[in-house]
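What follows is a single chain, given as C-alpha cells, in the form predicted on its own.
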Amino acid sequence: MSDEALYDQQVIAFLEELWGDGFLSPGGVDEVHRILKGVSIKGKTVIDIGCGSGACAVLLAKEYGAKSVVGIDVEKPVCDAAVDRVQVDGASEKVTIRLVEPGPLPFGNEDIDIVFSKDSIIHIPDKETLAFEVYRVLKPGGYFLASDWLISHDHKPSPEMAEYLEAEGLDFAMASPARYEKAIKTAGFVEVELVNRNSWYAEVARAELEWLLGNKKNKLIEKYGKEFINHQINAWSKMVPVLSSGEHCPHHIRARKPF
C-alpha cells in the first residue's frame, strides 16, 4: 500500500460522478454484463481484484447471484468507500472487502471459482506473475474474467502516449494484447480470448471530454477545484488522440483454467 493514495476521496467522488456510483472506470453496469456474458457466476466464489469503491462486488453478489465475493484493493480510501457501499446496499452477508498489500493473492490454491477485475490490473506491472497467481487460486474449470486498459504494442510508447501517461499522473503499467495473451497461456489457461474495446471507449471518452468542457464546467470547478478539473481536462485531452490512433486500446480478457 502506498503512503499517499492515488484514489483519494476527491478522485473517488469525481470518477463516480462521471462513471456512476461505486464505479471508478467507464461503462458501469453494462460493461460488467459484457465481461460476464455467457458465464454464470451463480453460487460461485468470486474475487474482485481492485474492487475500487465497491459497485462491482455488490453487483456480482446481488444481481448475478455469486455465493460470496471478496473485493480486494491496495488503497484504504477506496476500501473504506466499498465497505460503506456494501453496508448501504445490504450485501454484507455475501460481500467482504479486504485491504491488501501488493503481491501474491491472499488466497489458497484452488480456492476460488471466478477471478474478476474491472480496469484495475493496469496498476500491476508484472502481468506474468499475475497470470500465474490467478491460475493458482482458481479451481479447475474456473474463469478469469476482466477488463483492462492496454497499449497496442510492446515498443516504447509514442510521444503522444507518453504525454498522456504523464498527464494522468498515475502508476499505469500498460501491456500489449500480445503480452497478456502470452502470459495467460504460459500460466496454463485455455480458451483465452481478448476483445478490443477501443472503438467503444474512443467514442465515450470524446463525450466525457465534452462533458468536462461543457456547461457544467463551472459547477465542476466549484465542487472539485479549478486545479483538479484542469488536470482532468488535460488528461482527457491527451487521452482522446491515443484512443483515436488505437495505441490506447481497452480490452476484455477471458480465460479458463482447464479441468
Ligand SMILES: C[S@@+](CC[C@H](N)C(=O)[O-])C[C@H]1O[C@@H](n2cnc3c(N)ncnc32)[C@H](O)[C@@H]1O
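Just count from 1 along the sequence shown to find any residue number. Predicted, not measured: the structure shown is a model, and the values here were computed from it.
Below, we turn to the form predicted together with this ligand, even though it does not appear here.
**Q** Check residue 187 for me: does it contact this ligand in the model of the complex (non-hydrogen atoms, 4.5 angstroms)?
**A** Heavy-atom contact with this ligand at 4.5 Å: absent for residue 187.
**Q** Would you classify residue 169 as touching this ligand in the model of the complex, given a 4.5 Å non-hydrogen atom cut-off?
**A** No, residue 169 sits far enough from this ligand in the model of the complex that none of its heavy atoms falls within 4.5 Å.
**Q** Within a 4.5 Å heavy atom cut-off, is residue 118 in contact with this ligand in the model of the complex?
**A** Answer yes; at least one heavy atom of residue 118 falls within 4.5 Å of this ligand in the model of the complex.
**Q** Please determine whether residue 24 contacts this ligand in the model of the complex, using a 4.5 Å cut-off between heavy atoms.
**A** Yes, residue 24 sits close enough to this ligand in the model of the complex that at least one of its heavy atoms falls within 4.5 Å.
**Q** For the chain shown here without its partner, which stretch in 191-199, 66-74, 215-223, 229-237 has non-hydrogen atoms within 4.5 angstroms of this ligand in the model of the complex?
**A** This holds for exactly one stretch, 66-74.
**Q** Tell me, which of 86, 151, 78, 146 has a heavy atom within 4.5 angstroms of this ligand in the model of the complex?
**A** The residue in contact is 78.
**Q** Report the residue, out of 136, 179, 123, 94, that has at least one non-hydrogen atom within 4.5 angstroms of this ligand in the model of the complex.
**A** Exactly one listed residue reaches within 4.5 Å, namely 123.
**Q** For 159-186: residues with a non-hydrogen atom within 4.5 angstroms of this ligand in the model of the complex?
**A** Read in sequence order, no residue approaches this ligand (within 4.5 Å, in the model of the complex).
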